[in-house]
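Given as structure tokens, the chain that follows is alone and in the form predicted alone.
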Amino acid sequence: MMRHGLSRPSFLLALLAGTSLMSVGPAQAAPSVERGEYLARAADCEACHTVPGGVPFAGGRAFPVPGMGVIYAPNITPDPDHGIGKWTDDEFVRSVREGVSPGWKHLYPAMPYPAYARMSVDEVKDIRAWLATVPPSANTPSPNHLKFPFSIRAMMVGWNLLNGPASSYPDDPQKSAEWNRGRYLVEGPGHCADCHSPRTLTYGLSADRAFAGTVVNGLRAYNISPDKSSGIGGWSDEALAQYLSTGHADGHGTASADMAEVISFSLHYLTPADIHAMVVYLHDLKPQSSDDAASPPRKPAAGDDTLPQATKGARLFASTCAGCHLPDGSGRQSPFANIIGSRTLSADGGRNLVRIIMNGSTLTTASGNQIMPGFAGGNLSQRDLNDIAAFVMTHFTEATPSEDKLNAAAKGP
């Protein structure tokens, strides 16, 4: 590099400043805006950097971290004062792949930069090129509210030494091209483990229990390892691909809450080939057993006159839920209302079930938004909602509801 006219003092100053020195060589290709959009979708940037119903990428979404406080997503629109408009490409790359934004501001792992490090420098520059085309916003997100000592960003230096970031890795020659592509998407931009793997004492991702499921935002992110009883080992390739690309698979129900967001903002934009690659990789992971498995399903009879009326939960289900889901769970008009086989009907003591009944869920599909309304704060009491959940668990599955577990789930994290 010295041969290209850079003096020794300048070279040392550049190193101290943390800049990247490039040797003179062939001209680099311009960033691809089209590829950048695809990768930004694969990385699910919009969901995290957008307040529900707010300006896309303008930041401000709150991420409560139990025991630590609340982290707010930053504005990543091209606004020069409130977003990333003044950042250089290298600053953006370092932020995304290393978790260090301009001014040596270390990011918290709510930003999945250890996974994004699996993307190449050029790929991250492509994302930056596309983000430069979205409408700028002057929104200023709230500052983080973190307890001491977590408010000290310099602590992340030590966290990074223990937990990452990782790096892009070469293809495994012993595996197929599909498998390698799937690994890249699942472990890299898709950052699936960030929700579906438990955390260690240092809040790093557990390698020993990878993809075994955990609780995030008060909801169970299910086991997505190929374990046949508590994971996705019983799902066919076709069913899993349908679920990931559309948010619904017959016999497995419909995605809701956080997973519905992933489908809406990210996965439904991916090509069928990439979805299939993810399926190939997920089905080849190490099986992990977990204690949140769904109970065996029942097969209720069809027809309104077959719906039991012996309990309050049954009567409330008949008046509030059966209009869309039907007494046998097969759904009316839309296949997305079909809840037969859904893990949410019984898994983890009904944790997700009662939360979805309370808060509802929206899934964006090719045919428009599929909306499950929330009933919290309306004419039904929390006891009423718990009764509905208890009936659903016994009507559609062999689960035994626990009032204590339903109450705990209703209270949230």
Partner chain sequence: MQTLRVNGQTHTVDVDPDTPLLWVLRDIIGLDGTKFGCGIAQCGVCTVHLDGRPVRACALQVSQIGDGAITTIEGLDDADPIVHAVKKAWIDLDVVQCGYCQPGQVMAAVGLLKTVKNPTDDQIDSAMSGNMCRCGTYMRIRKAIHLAAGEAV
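Numbering follows the first chain given and starts at 1. Please read all numbers here as calculations on a predicted model, not as lab measurements.
Keep in mind that the form predicted together with the partner chain is missing from the display, and what follows is about it.
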- Item | Heavy atom contact within 4.5 Å of the partner chain in the model of the complex, the stretch among 43-51, 363-371, 30-38, 59-67 | 363-371
- Can any non-hydrogen atom of Gln309 be found within 4.5 angstroms of the partner chain in the model of the complex? yes
- Is Leu326 close to the partner chain in the model of the complex, meaning a heavy atom pair under 4.5 Å apart or at it? yes
- Message: I'd like to know if Leu285 sits close to the partner chain in the model of the complex, meaning any non-hydrogen atom pair within 4.5 angstroms.
- Response: no
- Task: Could you confirm whether Gly331 comes within 4.5 Å of the partner chain in the model of the complex, counting heavy atoms only?
- Result: yes
- Task: Tell me, out of Ser236, Asn217, Asn160, Thr320, which residue has a non-hydrogen atom within 4.5 angstroms of the partner chain in the model of the complex.
- Result: Thr320
